[in-house]
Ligand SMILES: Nc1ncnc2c1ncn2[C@@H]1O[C@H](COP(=O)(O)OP(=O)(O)OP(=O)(O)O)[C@@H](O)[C@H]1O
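A single chain comes next, written as C-alpha cells; it is the form predicted on its own.
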C-alpha cells in the first residue's frame, strides 16, 4: 500500500533548468500535445512549415517584379501580361499566407481545448491518488496551485514555439541564401545584434518564475479570501460579524505586496528590452544604408535593393523571434516543470497488495497504535490497543481533541501510524490493496460533505459504482428515513441542493445529517460501519428514529460509533474512553458505570440534565 515517491509537501524552491532538463520538458510537452490529438498536431506542424516558406517566396517574387519593371524602363517597353501574371502570383501568395495563418490559429484553438481536458484530468487523477496527509499540508497546496497555474497553456505553448522556431529557421535559411549573393555580411550582423535579446529573455523568465514561486502562498490566500467573500455558506458570518471590509483590506495588502515586486520586474524588463531594441535598430539601418549606397553605385540592382530591404526586416524579425522563442521556451519549461513535478510522483492507489486477510474471524485488531501529526510537539494518539471481532460494536468517547477522529482515519487506512499497527482479518493495513481495503468500510464523518448535487446524488456518493443509480437512491433514502424530506422537495430526489446552481434548495442541519447517514445504505458491500457523531444536529425524535434504523443496519456488521451523547453507546459491546490521545478506560457500559470513573461521571452529568 505504501510507495516511495517524491515528497509533495516540501516547500517550493526556485528552479534553474539546464539544457538537458529543458530538452526533457520539451519532449514531455510534445508528447502531451500529441496524445491530445495526433491529427491536429500534424496539421499544425505542416501549416507552420508553409508559413515559413511563404514570405521567402513573396520576397523573391517582389524582386522579380522590380527587376522586370526596371528592365522595361531601360528597354523602352514591357510585357503587360507577364507583369500582371507575376503580380497576380504575389497576390495569390499573400492570400495563401493569410489562409495558412488563420487555419493554424483554428487548429491551435481546437487543440487547446483537448489539451486542457487532458492536463486537468491528469491533475485530478493525481490528486485522488495521494495520501490524506498530503491534503493537510500547506506546502502541498503551493505545489498543487503551481501545477495548475497555466498548466493547460504551457505544453501547447512549447509545441507552438517549436513550430515557430522551425518556421523561423526556414525563413532564415531562405533569406541567408538569397542575401549570400550580394550582402553576405548582413546575416551575421543581425544575428549578433539580436543575441542580447535572448540573454534578456532568459534572465527575465527566470526572475518572473522565481517571483511566482516565492509568492505562491500569498496568491493562494488572495484566492481564498475571494472564495470566502463569494460563497453562500460564508455569507451569514461575513455579514453578522462585519468581516467584509477587514477581509478586503487584507486582500489589498497581499495584492500590493505581490504587485510591488511585479512592478520592479516590469521596470527591469522595460530598461533591458529598450536597450535590446536600440541595438537591433542600429544593426538593421546599418544594413539598409549599405544596400542604398550599393544600389546608387549600381553594385546591385534596384530589385536586389528592394529584396534586401525586405529580407533584412524578415531576417531581423525571424532572428529576434527565434531567440525570443528560445527565451520563452525556457520560461514555459520552468512553469511546465511545476506540472511534471506534481504528476511524476508515484500513485498511492496502485494495484499491488492483498485483497483479503488470512483470518476473517479476527476482525479489527489495534496494537500499541500511535500517531503524531507532522510538526506537532506531542502525539495525537499514543499506545492505543483493542480488539474488535467481526459483528461486534465499539463506542468511542472523549472530550474534543482527545483523538477520536484521528483514530478513525488510522483504522480506515487514511493515515499511516507513526507507531504500532492496525490489522484487519489478521493482515496489517499497509499490506492491503487500497481499493480492496476501502470497500470494507462505510464511514459517516462528522464533517461530511454537502455536495452541490441533486439530493439523489448526495445519497449516491456513498457508493461510487451506483452514483447515478436512481433505484439505489430510492432504496437508501427509504431505509435512511428520508422519505418525508424527499416528499416535501419540489423534484424529490432530483432536487438540486445548495445555491451554487439554478433552482437549488438547502436543507436544515438535521436533514443534511440524515442525507449523510443514508449514504451508509448505499454501500451494501461494506462490513464495517463507522459513524462519527451521526445525530449531533438532530432533534430528539429524529435522533431516536435514526439510531433505531442504524441499529438495524449494523446487525451482523462490525460497528464503531463516536458520540458525545452517551445513551447512544449503551448497547456497544465495548466502549473506549480517550483522554489526550490515550485510552483511559475500556469496558462495557455497565462495567464502566460501576467503576465510577470518567465515563460514569460524563454519563451522570448528561443524565442529570434530563431530570
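Quick caveat: nothing in here was measured; it's all calculated off a predicted structure. Numbering follows the first chain given and starts at 1.
Just so you know, the form predicted in complex with the ligand exists too; it's not on screen, but the next bit is about it.
The ligand in the model of the complex comes within 4.5 Å of no heavy atom belonging to residue 570. Taking the partner from elsewhere, residue 393 is found to have every heavy atom lying beyond 4.5 Å of the ligand in the model of the complex. Contact check for residue 557: no non-hydrogen atom falls within 4.5 Å of the ligand in the model of the complex. Although the partner is absent here, residue 401 sits close enough that one of its heavy atoms falls within 4.5 Å of the ligand in the model of the complex. Only one of the listed residues (299, 118, 446, 385) places a non-hydrogen atom within 4.5 angstroms of the ligand in the model of the complex, and that residue is 446.
Checking 512, 415, 342, 140 for any heavy atom within 4.5 Å of the ligand in the model of the complex turns up a single hit: 415. Remark: none of the three candidate residues (48, 98 and 325) comes within 4.5 Å of the ligand in the model of the complex, counting heavy atoms only. Here the chain stands alone, but in the model of the complex its contact with the ligand, taken as any heavy atom within 4.5 Å, falls in 401-409 among 467-475, 83-91, 437-445, 401-409.
Of the residues in 126-149, only 136 comes within 4.5 Å of the ligand in the model of the complex through at least one heavy atom.
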